[in-house]
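Next up: a single chain in structure tokens, the form predicted on its own.
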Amino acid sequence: MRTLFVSNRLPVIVEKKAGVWTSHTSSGGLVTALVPLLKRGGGMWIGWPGPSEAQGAELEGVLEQFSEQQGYRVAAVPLSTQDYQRFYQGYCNEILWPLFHDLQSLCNFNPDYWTSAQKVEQAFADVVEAHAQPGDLIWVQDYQLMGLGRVLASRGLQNPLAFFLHIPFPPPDIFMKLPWRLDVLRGLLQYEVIGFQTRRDLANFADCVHKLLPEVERRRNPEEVRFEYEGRTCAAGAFPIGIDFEEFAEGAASPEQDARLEELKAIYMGRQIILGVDRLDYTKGLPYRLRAFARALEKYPELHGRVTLLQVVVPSREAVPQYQKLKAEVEQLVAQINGRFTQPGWVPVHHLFRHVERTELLAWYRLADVGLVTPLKDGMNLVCKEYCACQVEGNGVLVLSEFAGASEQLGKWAVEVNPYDIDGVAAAIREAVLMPPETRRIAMERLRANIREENVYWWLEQFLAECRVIQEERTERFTTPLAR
């Protein structure tokens, strides 16, 4: 079964060097996992190529060359910068992103954004329809394109349709605030397989369908929920995404990282390093985390001079006022903490606001004695998995928000926290720092074993296996002769 993988962006970066257009693959675990699948099955990746001066035939030529070099096809969805801005910055980032992270007060329910989203969905459907062959699995990724299944089904496309949501799905009382809630739900039910990160997200979706579309029949079993709607069967399940464990573990254990680790230990003079790595986003709970660290220093003076918080913030959406305000708040909190607690030879918070090279990130992951992962809400959060994979000595402690999707898999071996509980997170920081070596080793060993087993390739196979089951059932349903 050939796969047409559809996402908001193509996994390609197009740029001009010395007057010549070049292209290369963007990074990420999803790209790493899917490329072998696409190469093996002759599949295709469909998406927006991103802003580029290359246009028309020039862009097509660059992408054609990229396809030949990579061994799988890519197809670009042509969108004007204005359409993309209203769709992505408006509908996706001012409505769906905050709403699905339980931050509905930050939503801007501009009806023009919904109109733009529908226009963009039609553009994506045009490209999918142009390239789809009979029997191809069309696998749509993430919240930006939830409505694509509805458009494809309305055009009479007979291909199996699948969808995976990488962010959380909200409970009914929050989802109901979306003005186009029925359109979104009905659109999702056009997919034959829907994947969520956690059982909680699956339950929220099922509850929304039950409350808002009571005519839809539901059948539950331990692994999935089946929905019958307008003559179609939709199977929804939880498929937690993983990382390429071996890639991170082997990279962190390389001789180059051995040397870098010794350099970093000398710089930090044997202090325990508490590491936070986050994209600049209000869902990551950075102000709460910094206040909790300040509270830990205030309540537990034995931590003074013993720990350093290394907080890496990767720039994101810096032109958006909310993100500018968040950046300023983070910088102010860091300055306040350092101004209050710094001693000669010890600065409690080292704050880096920049993009991070992979080799540098691996070194920090391996160095850190405590991984501090405290989002207010996350679909999964792969930073905690990357951190554990890089803990090749097995000495680290994971402090993990109970509202990260990863807590469903890893929470039993981590120090779980409510990120809104300042005193609770402060106490967890102290617990992690003072945790006995043997307790650390046992917990990290179990964390790494889970992440190694339930890696990104396991996730891919679990989801595709469900797609094959549904496709076989569909084929049997349409080929079984009627009883006389």
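Residue positions are given as counts along the sequence shown, with the first one as 1. It should be emphasised that the depicted structure is a prediction, and the values quoted were computed from it without experimental measurement.
The protein also exists as the form predicted together with a small molecule; that form is not presented, and the subsequent description refers to it.
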Exercise. Among W97, F109, Y229, Y268, which has any heavy atom within 4.5 Å of the small molecule in the predicted bound form?
Worked result: W97
Exercise. E357, E246, E331, E223: which sits within 4.5 Å of the small molecule in the predicted bound form by any heavy atom?
Worked result: E357
For this session: Look at the stretches 382-390, 260-268, 169-177, 109-117 and give the one with heavy atoms within 4.5 Å of the small molecule in the predicted bound form.
Result: 382-390
Problem set entry | 4.5 angstroms heavy atom contact with the small molecule in the predicted bound form for R279 | yes
Exercise. With the partner left out of view, is L103 within 4.5 angstroms of the small molecule in the predicted bound form by any non-hydrogen atom?
Worked result: no
For this session: Indicate whether the small molecule has at least one heavy atom within 4.5 Å of a heavy atom of L361 in the predicted bound form.
Result: yes
Exercise. Does K284 reach the small molecule in the predicted bound form, with heavy atoms at most 4.5 Å apart?
Worked result: yes
